[in-house]
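In structure tokens, one chain follows: the form predicted alone.
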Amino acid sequence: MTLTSPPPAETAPPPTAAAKIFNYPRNAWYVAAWDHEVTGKRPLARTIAGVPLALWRNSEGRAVALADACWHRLAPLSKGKILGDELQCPYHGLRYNATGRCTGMPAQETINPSAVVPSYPVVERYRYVWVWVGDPDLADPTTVPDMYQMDDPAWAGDGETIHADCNYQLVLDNLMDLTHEEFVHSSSIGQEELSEAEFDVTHEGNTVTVTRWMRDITPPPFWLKNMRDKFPGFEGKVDRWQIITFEAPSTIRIDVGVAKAGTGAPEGDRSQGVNGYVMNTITPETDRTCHYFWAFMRNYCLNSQTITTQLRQGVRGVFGEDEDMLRAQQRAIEANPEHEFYSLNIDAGGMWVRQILERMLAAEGRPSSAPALGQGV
């Protein structure tokens, strides 16, 4: 491993112990849903960073996020009806506008001035609905994490959502260190060169980048198929790359691909290869569950729906293996509350991620470790 820009000793990631159940910042943009999931027909219930929300669209098609609890008796608004620009409570019919203010009480003409439910800032970008559940005065739309490949016409692809039964930080750890592919995904994208290859870790502001190159190797089955999609009959060795970029609080774009060995891919010429981006943004739901939004985008064979479907199905299978491992890991953590988390050199990127999140949590006055089971946040 080559660690570029070695950190000062007093700011370096701790070398051994790490929090097992990580807390989540609230002053951040999180994906609440794919844009097509939020409609004007019926509200969508989703919990984001511990906050239950009712998501819906008004008559103008604008996405709205309200607290999922009526001012009157806390009935879930997500079970209610969308009436044009208002959301009606399913229990006693109170109606709320997009700002969360009650606009009608069927049982009485006078509306109590305190009848308001929280409304949260929303931004639609990159095929997602992003929500800010922290201090609304800090919600700057320009700070939405960059995922431009999701809707750039130079890229094609699709993705899905995993409801993962684990702390969101375990998913971030998984994505920042891809050497696990050798063991968890041995039949598709894994190979022993992953653990053998050197890697660079850099960090700046709220981003961390891990770069790994594997030169003159045999392509694993997943990448051999993709090379043959673009270059029918391809045979031979490839240069393979993984460039992982984290952006706080929980978005990770992974620039991946292979090119014919020795054709200049490490120097920037990828013309004799295939390039994809694994797009990941993970939204904490509770301390022990999260919404994992992912997509695989490519810049070749853009008009082939067959390849889009095959890639989505293939990546779904790979991530299903991750999901099984993460679920088992979460269970083991809870079964061994006294056991420490330790880190290896391959965890360098993930440890910088944790340090960034610790800084964000400290700014909110919140601890980095989530409470024990049953204690709440």
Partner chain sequence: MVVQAQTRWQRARVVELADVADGVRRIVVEPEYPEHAAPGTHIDVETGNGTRRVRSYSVVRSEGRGRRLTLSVQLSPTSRGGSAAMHRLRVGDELTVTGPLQSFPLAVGATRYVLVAGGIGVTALVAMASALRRRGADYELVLVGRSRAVMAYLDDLVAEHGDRVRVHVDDEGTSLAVDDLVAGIAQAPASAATELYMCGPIGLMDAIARSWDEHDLPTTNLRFETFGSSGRHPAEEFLVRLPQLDREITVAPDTSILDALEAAGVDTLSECRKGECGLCLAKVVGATGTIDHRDVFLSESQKEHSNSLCLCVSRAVAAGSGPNQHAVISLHLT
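Numbering follows the first chain given and starts at 1. It should be emphasised that the depicted structure is a prediction, and the values quoted were computed from it without experimental measurement.
This protein has a second form, the form predicted in complex with its partner chain, left out of what is shown; the following refers to that one.
Stretch-level contact check against its partner chain in the predicted complex with heavy atoms at 4.5 Å: of 163-171, 150-158, 276-284, 100-108, the positive one is 100-108. Note on the partner interface in the predicted complex: the residue among 232, 205, 113, 268 having a heavy atom within 4.5 angstroms of its partner chain is 113.
A heavy atom within 4.5 Å of its partner chain in the predicted complex is found for exactly one of 257, 220, 145, 134: 134. Although the partner is absent here, residue 211 is not a contact residue: none of its heavy atoms lies within 4.5 angstroms of its partner chain in the predicted complex. Its partner chain is not shown here, but in the predicted complex it comes within 4.5 Å of a heavy atom of residue 119. Residues 362, 363, 364, 365 of 335-368 are found to place at least one heavy atom within 4.5 Å of its partner chain in the predicted complex.
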